[in-house]
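Just the one chain here, the form predicted alone, laid out as structure tokens.
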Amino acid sequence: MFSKATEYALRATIHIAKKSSKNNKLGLEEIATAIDSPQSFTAKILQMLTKNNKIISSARGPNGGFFISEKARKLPVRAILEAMSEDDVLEKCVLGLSQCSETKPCPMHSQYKSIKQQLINLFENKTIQYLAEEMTDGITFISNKKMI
């Protein structure tokens, strides 16, 4: 559904929200390992997420690293999609047609319409903090590594 970069951005943000604080910043290597992503690719993704400190914040220096502010924790998950310039995926036609509409629907339009609205609601109503808390409770996971 999303690009690999956006998938990693979602995972990275959730991991950072779970593990970091203003006093406990995470390094690039730890984040990349936790989300099962190449470090160089993770660095580019984190650069996009830290733009204007909207989603992720970073600090340089010996005690530097990545963290998420209390304000950003309250953002809807859709904010991550926006930071990655991929929030339009939720609005597009499932078949990728530019002219798909109520008056000129694609063959899947009527069936997908309610699913699309559910996806929009999911990404707009779940916060970053909510997903991090589910991770903390052990209910969910974000890595493809085998669980022991």
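The first residue of the shown sequence is 1; numbering continues from there. Predicted, not measured: the structure shown is a model, and the values here were computed from it.
Heads up, the form predicted in complex with a further copy of the same chain isn't pictured, but that's what we're talking about next.
Contact check for Leu46, Arg60 and Asp87: none of the three has a heavy atom within 4.5 Å of a further copy of the same chain in the model of the complex. Contact check for Leu119: a non-hydrogen atom falls within 4.5 Å of a further copy of the same chain in the model of the complex.
Interface membership of Pro105, defined by any non-hydrogen atom within 4.5 Å of a further copy of the same chain in the model of the complex, is confirmed. Under a 4.5 angstroms non-hydrogen atom cutoff, a further copy of the same chain in the model of the complex lacks Leu28 among its neighbouring residues. Ala17 falls outside the set of residues with a heavy atom inside 4.5 Å of a further copy of the same chain in the model of the complex. If you take 1-19 and check each residue for a heavy atom within 4.5 Å of a further copy of the same chain in the model of the complex, you get Met1, Phe2, Glu7, Leu10, Arg11, Ile14, in sequence order.
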